[in-house]
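Okay, here we've got a single chain as structure tokens, the form predicted on its own, with questions on binding and movement later.
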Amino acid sequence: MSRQRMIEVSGLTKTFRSKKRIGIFKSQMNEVKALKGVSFHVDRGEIFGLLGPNGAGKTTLIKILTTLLLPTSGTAKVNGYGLDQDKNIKASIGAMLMGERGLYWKLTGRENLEYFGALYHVPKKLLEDRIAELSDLLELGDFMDRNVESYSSGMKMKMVFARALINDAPILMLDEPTNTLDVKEARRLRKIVKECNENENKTIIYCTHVMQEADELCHRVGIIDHGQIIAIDDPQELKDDLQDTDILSVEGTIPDKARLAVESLSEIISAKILVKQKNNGSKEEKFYLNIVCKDSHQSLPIIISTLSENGAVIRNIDKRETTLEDVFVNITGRSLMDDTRQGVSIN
């Protein structure tokens, strides 16, 4: 028996065009192809991860599916409704988009939820109960009756998440939902997302560039890069494609010539610099050389000598399990920290 398709996307494209003046009498057209023929589906009760770096097209795609943008071409259905049936789609979804901008800052948290609940025609008594439930669930407490402009960035994100849940829709679309949250609150949000799926059978699109989140939550993932879906499968299957390789993580000061020298070795499949933020929220960054090789036991001595000969300072080397980030690096040759936004000028 086939599962119900809650979201169907076929050949979606989106091109943004803007005119830029480059002289008194001359201008040029700037064109950005944000989506290039994206196709996928999401079944009822599935958490589908949409993964990719900043600028890959995730937010543009979600804005189209929530009817905030029209596609240049292609089709999509959400809960069986075409994109021209925007009222039906909006009644079917709870969306967490635009981060902190999705709230009215001069209103309190409670007033925001009352307002958006009324827009969804949630009955007054049910809305009061729903607000109380979400306040307890997200531990919003006294913040509910404070103006949103007084909130921290993390508290605003929690309130935007509460807004996405206020109408108890069968579909959730979450765009980078843990952005600006600390480790504890991010863990709480992921737990709630999982419970919404497991206990209430909600269908969820979860957009993120944090591969650990996708590994933890998603039944299937679509990796998007430069506006195209380049791989779709369940996380374990994607990682199993690299099962015959080893992953080495080298922490230290790694000049680009050292990276290139390692990457040129016959034993090495790829060698890319990754930047990782410290877990404690500090802005201090650590740099890692992510090396995919055929046999780390045999390759390690030549890797160390090549790095040292080319000016690298090695602080630590770990062999680790394959992650979805390794899958992305292996497919694209780039790190998820790379920003893929780009424009094409047309004179």
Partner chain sequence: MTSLSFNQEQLGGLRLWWNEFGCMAKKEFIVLSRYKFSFILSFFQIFFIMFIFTVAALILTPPDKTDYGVGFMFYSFILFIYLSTALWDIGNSLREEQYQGTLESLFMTPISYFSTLLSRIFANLVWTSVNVMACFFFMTLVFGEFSLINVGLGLIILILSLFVCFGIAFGFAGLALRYKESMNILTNFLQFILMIVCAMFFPFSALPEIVEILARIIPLSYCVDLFRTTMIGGAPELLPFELEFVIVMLSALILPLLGVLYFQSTVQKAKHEGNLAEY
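Residue numbers count along the first chain shown, from 1. Quick caveat, the model's predicted, so the values are computed rather than measured.
The same protein has a further form, the form predicted in complex with its partner chain, not shown here; the description that follows concerns it.
Taking a 4.5 Å heavy atom cutoff to its partner chain in the predicted bound form, the contact residue among D241, D233, E111, E216 is E111. With the partner removed from view, the residue among T322, T67, N290, S299 that has a non-hydrogen atom within 4.5 Å of its partner chain in the predicted bound form turns out to be T67. Note on the interface: of 253-261, 158-166, 233-241, 183-191, the segment with non-hydrogen atoms within 4.5 angstroms of its partner chain in the predicted bound form is 158-166. In the predicted bound form, its partner chain lies farther than 4.5 Å from every heavy atom of S249.
In the predicted bound form, none of the heavy atoms of D142 sits within 4.5 Å of a heavy atom of its partner chain. Taking the partner from elsewhere, K33 is found to have every heavy atom lying beyond 4.5 Å of its partner chain in the predicted bound form.
Its partner chain is not shown here, and in the predicted bound form it never comes within 4.5 Å of any heavy atom of T75. Shown without its partner, the chain has Y115, F116, A118, L119, Y120, H121, V122, L126, D129, R130, E133, L134, L137 in segment 115-144 as residues with a non-hydrogen atom within 4.5 angstroms of its partner chain in the predicted bound form.
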